[in-house]
Ligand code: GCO
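This document opens with one chain alone, in structure tokens, the form predicted on its own.
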Amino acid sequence: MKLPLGFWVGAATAAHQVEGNNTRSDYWAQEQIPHGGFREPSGIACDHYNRYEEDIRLMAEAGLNAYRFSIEWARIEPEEGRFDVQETEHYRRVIRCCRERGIEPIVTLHHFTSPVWLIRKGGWEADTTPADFARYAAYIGEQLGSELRYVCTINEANMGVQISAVARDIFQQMQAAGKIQMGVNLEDLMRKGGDTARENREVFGTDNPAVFVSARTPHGDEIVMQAHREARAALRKAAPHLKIGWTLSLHDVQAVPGGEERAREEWGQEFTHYLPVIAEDDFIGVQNYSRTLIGPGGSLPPPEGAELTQMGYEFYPEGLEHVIRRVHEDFKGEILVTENGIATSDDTRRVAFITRALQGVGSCLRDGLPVKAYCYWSLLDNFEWQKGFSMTFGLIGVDRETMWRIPKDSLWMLGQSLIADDGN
């Protein structure tokens, strides 16, 4: 599939998953405790903090023209109300490196990780969090807004709601696993053991810290939505030219006979109940990896014999087109595909996945849908949260001993998709 010139094709990362040594974040703290549920700590991750120039160069040489990455709040504001100028300048250098290479930087302000101090205040269930997040957003807008065009406030704002749904139905863990588009260990999700509670209490001052990816209450969902509203207003005040949106984790929800009502409820939970809060957004970031089949009793496992990814998802790249079209029915702003990808050790399957996903994007473009970008997840084989480094999503491999970059065929294939087609 060849996409028109002017379309953005790129790759995505999250700061904590690639930078390394994010020592002020809640995730780093959880990785260090014995019962935190992580297979391994992030450590230096992919050392992207120091090697970003090499990684951006590899993207540019392959032909990519967009890079979606996140700014680490815990680096920028390591203590409440104190901003780190040196870290701010680091991200300015990353942005300018992108510009120098002809790559559009698409920045996310919050990609799952938060400063430890925020979690000690009550985290993503606390009434004070929207104002704290807006203060941080205003600072980024004032300091870096002039160098940007697109800013995502919050990554996968609905993730906590999805985790809550799984937590309520924990006895169907194997069926529910594909419903969470991130690397979590479901067994640890529900564990309330004394050791875990004690360790959390020592680090966060509470047995059950409300980190962003905790099972979320309805009040917590309102907190996230209000945080987005206040951050959007702060960014627009600081840098009126910016286009603002957030991203959502969206499955291609498909009903089997008898599951139609449950499927409508599922889509409502994932997407439509957020429509009031995003009505004033300039764009939405769509993040899709597979589909969810819904029967009369709820989620079904992948069809017998279906190809599965390392994450246990069904290999189903067609889901992206279906989700884009469904989102466009209710949201008329711009659509950016901010994540879409596959965890596999077989890069030929990654090439096939990307090819079929881009065919769907191209179909949407031909029909006039306002799709502006496709960012593959992920640029690098990175730290997949609680699953550690075992999941290989990357267009570029990373030698865990030397940090040597190993570009894959899929990187070059994705870059070639930007050549304008001949109209046939």
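Keep in mind it's a predicted model, so treat the numbers as computed, not measured. In case it trips you up, residue 1 is the first one in the sequence shown, and so on.
If you look for the form predicted together with the named molecule, you will not find it shown, but the lines that follow are about it.
Using a 4.5 angstroms heavy atom cutoff to the named molecule in the predicted bound form, all of 159, 289 and 377 count as contacting. Comment: 385-393 is the region of 359-367, 54-62, 40-48, 385-393 lying near the named molecule in the predicted bound form, near meaning a non-hydrogen atom within 4.5 Å.
Note on contacts: among 126, 311, 94, 138, the single residue with a heavy atom within 4.5 Å of the named molecule in the predicted bound form is 311. When the named molecule is considered in the predicted bound form, only one residue from 236, 90, 75, 111 comes within 4.5 Å through any heavy atom, namely 111. Residue contact check for residue 17: one or more of its heavy atoms lie within 4.5 Å of the named molecule in the predicted bound form.
Proximity of residue 155 to the named molecule in the predicted bound form falls within the 4.5 Å heavy atom cutoff. Along 324-340, a single residue, 339, places a heavy atom within 4.5 Å of the named molecule in the predicted bound form.
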